[in-house]
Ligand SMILES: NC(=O)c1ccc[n+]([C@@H]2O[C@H](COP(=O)([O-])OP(=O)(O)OC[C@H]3O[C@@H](n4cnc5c(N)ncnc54)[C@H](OP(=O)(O)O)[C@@H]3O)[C@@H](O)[C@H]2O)c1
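First, one chain by itself in structure tokens, the form predicted alone.
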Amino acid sequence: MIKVGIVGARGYTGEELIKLLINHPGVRLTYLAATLQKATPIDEIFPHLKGLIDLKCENFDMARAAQKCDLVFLALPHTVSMEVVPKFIKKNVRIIDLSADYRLKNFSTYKEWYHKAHKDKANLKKFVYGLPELYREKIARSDFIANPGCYPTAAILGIVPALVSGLADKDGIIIDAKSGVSGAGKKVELGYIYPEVNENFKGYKFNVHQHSPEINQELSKVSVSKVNVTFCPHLLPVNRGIYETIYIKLKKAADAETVMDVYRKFYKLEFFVRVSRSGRLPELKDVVGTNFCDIGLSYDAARSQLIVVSVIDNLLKGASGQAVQNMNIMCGFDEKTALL
């Protein structure tokens, strides 16, 4: 039995982690922390957990957290995790970080996009990018995981098969992405309140979203050459879910069945990635509440144009579900444990 804690337990991703982990047969939740006026039973913060967990959420205390946990999930804002990670490492606590602090491997890139110098350069190389479908073996050998962002998860899974197979032209890839409001976290800002979001649809941060360098970093790695996508995110008037429409020009003509076969073969052994049958495009309702990434393809042979639809639940495969998937791989559990 592994003793597990969550720092940042009061946010959306923290809540999802609790719901998953209380049903995990190999885990005992022993520590929950968030910024609070006083320690509060977690079932008072989230009443739907009443009768399911008897644990207080308290203000973060490093010594107490390290003493109570073998592994900790950090569901903290970007630029905050790097303040506490070195202390956990010194205490031999395993870490799954859900922020962006350990995803980008270039210090100057991190500073450019997150507007703060990285404070823990010494430990950055210890973290494995936690996308199981690409890095499962490295994850299994690591004690420190940088959990991917939600937009990058859907984008990378949707693009990689075309790149690795040599079909895709790496230049000119366009990602038209849409996310539910929970992707912004529990922030009280005008643009995210109900009257502004309901019955509305808008784009934001075109080509300047902080997930752009993460997508480019990972696609460049598999392509073994620089990839620079056009990334255009939008805000959907729904609570959760990510829907990405990705436009990829192929380097040479191919028939639709060949393209479909590339994706099917690439994900043949991947339980949590489902390639839709020919002629069907996935929908948000197919994946919301699950850890699946569903991928659909539309191919125009005359123009050598591949359109990929990639959909996930931003709070599960895009955050907490993938974090538990990573924990399962790290700790030798069945990868699907607590995710079905």
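Note that the structure is predicted; figures quoted are calculated from it, not measured. In case it trips you up, residue 1 is the first one in the sequence shown, and so on.
Beyond what is shown, the protein has a form predicted together with the ligand; the following relates to that form.
- You can rule out all but one of 30-38, 268-276, 281-289, 296-304: in the model of the complex, only 30-38 has residues with a heavy atom within 4.5 Å of the ligand.
- Put simply, P86 is far from the ligand in the model of the complex: not one heavy atom of it is within 4.5 Å.
- Mapping the unseen interface onto this chain, R94 falls outside it, with no heavy atom inside 4.5 Å of the ligand in the model of the complex.
- Mapping the unseen interface onto this chain, H24 falls outside it, with no heavy atom inside 4.5 Å of the ligand in the model of the complex.
- The ligand in the model of the complex is approached by S99, whose closest heavy atom lies within 4.5 angstroms of it.
- A heavy atom within 4.5 Å of the ligand in the model of the complex is found for one listed residue only; from A177, I156, A146, A75, this is A75.
- Contact residues in stretch 1-29 (any heavy atom within 4.5 Å of the ligand, taken in the model of the complex) are V7, G8, A9, R10, G11, Y12, T13, G14.
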